[in-house]
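Only one chain is given next, in structure tokens, and it is the form predicted on its own.
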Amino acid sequence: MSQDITEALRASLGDSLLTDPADCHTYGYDNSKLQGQPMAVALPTTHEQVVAVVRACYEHDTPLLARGQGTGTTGATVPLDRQSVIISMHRMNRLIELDRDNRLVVVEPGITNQQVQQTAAGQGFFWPPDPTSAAVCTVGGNLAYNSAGPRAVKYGTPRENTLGLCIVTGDGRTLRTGVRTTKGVVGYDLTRLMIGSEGTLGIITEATLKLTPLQPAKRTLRAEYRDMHSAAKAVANIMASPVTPCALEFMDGNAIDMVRDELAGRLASDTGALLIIEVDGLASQIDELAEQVSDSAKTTGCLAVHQASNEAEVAALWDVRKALSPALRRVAPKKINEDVVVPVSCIPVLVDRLSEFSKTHGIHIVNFGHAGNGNLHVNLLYNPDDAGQQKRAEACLEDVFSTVLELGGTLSGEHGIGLVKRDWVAKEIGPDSLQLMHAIKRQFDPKGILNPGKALPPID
């Protein structure tokens, strides 16, 4: 069987098919640190080649997983079957069209987020999603996970900023979803259904993205607080005010300790939590907007609010924030990293509970993330080689997830589900909804070849 599928793939891809195990091995991982071994790796450059790959896998009942640059953290691109084929989209990286008058850009999935931003900026626009890995992550991956980043608090996620898609379904059909207009209500919204589906419904070969004009002025503030609870209360106060920041990031005391050297001399000695706040608007408005947000941030427990005075200070502050996740990976390579979301008003409760769980289970917890959306990255640091620590970490995670759901939240805001969180999904989604989702998958992917075993838990 493997020889038959290899020959079928070779017929449409030629040398753009990898079959040597050593070459294929490097495509079997993602940033979850999980690793699988695919049978072959397809490297298409055209939509037609993607169709040919899908049809070959469909005819030979072969699992097929799409991937970009592997920056995801949930194992969504890791093959579970050694007879799987990986289809890597990184060679499909063209910017097809930039339509300034209609504020849209058409791209292939392998283009990086940063490349889109740089091209759009040249015309006075930006695409709001901006994950920390923007320099290397692909637009296809952003859409697969609905990855957003800090600007989502004001400008939304990929679902709000994608007009249409071209996709290949699991049986090789080509679908064009969505519109090129900012309004449209014909038929079901297949575009939003595809975004966040982690390659389980179809493979994206083209995306029409909605652009937003760049604001001419921006101001960045650093607000310091005595403790996590005080900062969490400030977030709720800021988000209830008339001025919506374009970024509102949160770092707890443990996170600050990870990067304290980089912040040396710039923080009050008793700072236990930090907010990075950014506002944008017209130059004539920016002083007033910054002042209003600053006033909203000065709640009980606030130690100081500083405005960055130049671009170097702004860049340094964001560099510190972006350095957190890699720093944690170095300290605890096998850490549990969850991107839970709760209603903004519930952040103080969640923060208090996390502190309790850390003490109860004896697990070091580091929190940071997109506080303006209630999206906190909860990092449980433990040694997986210590059976006792691992058991306590798993019990702690159970309490974290139970609390998030109790508060009306969700288990993932932008990292997705993949493999590592799949078995928790049934705690949030009821059995009737899960059955319907599986039925939808069968319509798009009749044989279940697209990224099998990911995103949705099995049903009885």
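Heads up, when I say rigid core I mean the largest set of C-alphas that superpose within 1.5 Å between the two forms. Owing to the predicted nature of the structure, the values given are computational and were not obtained by experimental measurement. Throughout, we count residues from 1 along the sequence that is shown.
Just so it is clear, the following notes concern the form predicted in complex with another copy of the chain, a form of the same protein that is not shown.
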Subject >> Option from 359-367, 110-118, 232-240, 304-312 whose residues, in the predicted bound form, bring a heavy atom within 4.5 Å of another copy of the chain >> reply: 232-240
Original post:
So in the predicted bound form, does any heavy atom of S412 sit within 4.5 Å of another copy of the chain?
Top reply: yes
Original post:
Taking heavy atoms only, is G388 within 4.5 angstroms of another copy of the chain in the predicted bound form?
Top reply: no
**OP:** Flag G72 as yes or no: does it have a non-hydrogen atom within 4.5 angstroms of any non-hydrogen atom of another copy of the chain in the predicted bound form?
**Re:** no
**OP:** Find out whether any non-hydrogen atom of D399 is located within 4.5 angstroms of another copy of the chain in the predicted bound form, and reply yes or no.
**Re:** no
Subject >> Listed residue (R100, R82, R260, R94) with a non-hydrogen atom within 4.5 angstroms of another copy of the chain in the predicted bound form >> reply: R100
Original post:
Among V425, L43, L34, A52, which has any heavy atom within 4.5 Å of another copy of the chain in the predicted bound form?
Top reply: V425
**OP:** Could you list the residues in 427-449 that come within 4.5 Å of another copy of the chain in the predicted bound form, counting only heavy atoms and keeping sequence order?
**Re:** E428, I429, D432, S433, L436, M437, A439, I440, K441, Q443, F444
Original post:
Would you say R192 moves its Cα by 2 Å or more between this form and the one not shown, aligning on the core?
Top reply: no
**OP:** Return yes or no for R321: a CA shift of at least 2 Å between this form and the one not shown, with the rigid core superposed?
**Re:** yes
